[in-house]
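The same protein chain appears twice below, in two forms, each given on its own as structure tokens and labelled structure 1 and structure 2.
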Structure 1
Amino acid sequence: MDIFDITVIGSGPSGLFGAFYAGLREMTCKVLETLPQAGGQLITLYPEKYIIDVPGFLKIQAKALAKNLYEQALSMGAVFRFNETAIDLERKDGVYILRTDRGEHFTKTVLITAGVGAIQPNKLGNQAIDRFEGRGVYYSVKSKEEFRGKRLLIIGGGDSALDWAYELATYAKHITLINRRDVFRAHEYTVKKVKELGIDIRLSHEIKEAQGESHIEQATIYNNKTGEEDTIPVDAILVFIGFKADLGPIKNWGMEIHGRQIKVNSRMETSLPGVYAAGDVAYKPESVKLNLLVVGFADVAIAVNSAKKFIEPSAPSYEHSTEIAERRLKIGLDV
């Protein structure tokens, strides 16, 4: 049974920087994330947008920032468990047992950086299509290779749908992209790039049903203005119609909750010993609530330093990274 010093719930920007910071303070760290990838809102809600208020960057694309933060966390040895949602928390003999939909994790402290909650893709809610989930219907892309040589129907009009249409264009045999509105909501630049691909784009179209035996074989789509139907052969349907977020069971862990947030004090401590919250999910009664990246980064630095003191009361309250880097160099580690 591995007991980690700290377990971070959520790999959004706050959680990722927290995981890096934990490594900096020489704490072992595990990160649990509902989604198949790191980045939280950066990657799910606005991957293509440029951010201009992250210190040190004149501008940086959200997905690039997510990648950098992930790599920064990995560089400090953080262990990641994707596709895993934290559901229950129990403390036994000074150790927290964090239960997820996949198993149990043991940890001395917990850092909750769950943002707006577990972000889950919206489902179509059409049984005739949802029954093919895992057999041709996808709500995320884990490997582009999986779609090589396939005929794809991509559903959606936002950044995710158009980004994936673009990304998969060189892998797929054929792509049909449908959107129920008559315009795309994605970034103009992405829309332009996708239009230039020459794929089959149908606006004001929705899916009616899918047919197949063990796997999807064809889909019936229709024009929601004229009612005209078309049945097209498909090997996979990729659905990108937004996300919903829910703090879910975390609310019932016994912490003081304020609306959809967890109440913390100036050390980012929740009302449970050794459990901290930071970033969008944290509510600091004495402070103005700003859902900003820089606030999350500052929050996690405070939270991780507090967690370090919780585990090791004699440890310094904080250290400058320059001192830590010098120490690492002396023992032959990369900085």
Structure 2
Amino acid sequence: MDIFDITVIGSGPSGLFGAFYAGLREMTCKVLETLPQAGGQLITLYPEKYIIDVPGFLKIQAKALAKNLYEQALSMGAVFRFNETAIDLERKDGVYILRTDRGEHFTKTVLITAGVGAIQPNKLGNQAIDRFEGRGVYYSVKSKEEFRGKRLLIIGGGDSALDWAYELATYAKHITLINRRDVFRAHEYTVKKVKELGIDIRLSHEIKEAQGESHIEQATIYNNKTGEEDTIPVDAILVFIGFKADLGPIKNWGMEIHGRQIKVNSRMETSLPGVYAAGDVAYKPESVKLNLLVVGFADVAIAVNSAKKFIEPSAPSYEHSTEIAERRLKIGLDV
């Protein structure tokens, strides 16, 4: 049987960078992913969205970032297993047995980068709108071109709603953005950009119902402070009001769980020896929680270095990439 130095659970951006970094530390690495492709939320939720908070890029499309991270991990020899869900974890004779719905994997350490877990979008719970799912109601955007020339109603006040209002402004014929609160929760910079577009923004507004035959044709919205109603023509309703998340079987592996997250220390260690968590799934009690890509990248670097020391206590705590490159050249390996 093949025993890997580290097995990464989840191939979102944090997991992909962790797989790459494991290669830098000359650790054999396997990545298990429930989905049929790498990229996590970058691919499943917003592949065509531009991301502006990745260092070194003024902006980069989510699917391009996912592709780059995947290729970077492959360049370091990471092995990927897609369409495979981790179910159980057991340690025997210093080796972890990771059981999935398709078999068993053996590894010295485990790095969990499962994001927020399996996600399902929150729905409005209004049958007058939900009945149009697949006929004009959307909970994610896979292709911006799909909305070209259409009249859109976007619901939500967080980053997803505001980001997509901005992204789709040059595609849609008209956009109405409603938020049930009187303020937005999105980043101030994003809110400023959207307001500069001059789209129809209505705060303290909610949707009452949608009308149409085979497809949505119009929607009735109302001011939740005054009760005043307005019926507007729409071709599509985009709902961005958050997600429900579930860690699934992982939460039963004996680690200390905090809500939907796994508690870790400053070395990204969980309560199980040789098991680490990083990125959105990691709960660090003494740290401010920021669900940012750069935080996930930093987390996995710390976790991989910790795993290296766990396997090989005499190994240096970390190495700079230039030091690694020089050493690899000396022994005849590709840089």
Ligand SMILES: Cc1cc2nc3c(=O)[nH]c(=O)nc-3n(C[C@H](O)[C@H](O)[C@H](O)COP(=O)(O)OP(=O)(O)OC[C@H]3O[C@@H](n4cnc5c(N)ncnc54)[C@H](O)[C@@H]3O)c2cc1C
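Think of the rigid core as the biggest set of C-alphas that the two forms share within 1.5 Å after superposition. Numbering runs along the sequence of structure 1, starting at 1. Keep in mind that this is a model prediction, so the values were computed, not measured.
Novice: Is the form predicted together with this ligand structure 1 or structure 2?
Specialist: Structure 1 is the one predicted together with this ligand.
Novice: For residue 264, state whether the C-alpha moves by 2 Å or more between structures 1 and 2 after rigid core superposition.
Specialist: For residue 264, whose C-alpha is compared between structures 1 and 2 after core superposition, the shift is less than 2 Å.
Novice: Does residue 251 show a Cα shift reaching 2 Å between structures 1 and 2 after rigid-core superposition?
Specialist: Superposed on the core, residue 251 moves its C-alpha less than 2 Å between structures 1 and 2.
Novice: Rigid core fitted, is the C-alpha displacement of residue 188 between structures 1 and 2 2 Å or more?
Specialist: Comparing the forms between structures 1 and 2, which are aligned on their rigid core, residue 188 does shift its C-alpha by 2 Å or more.
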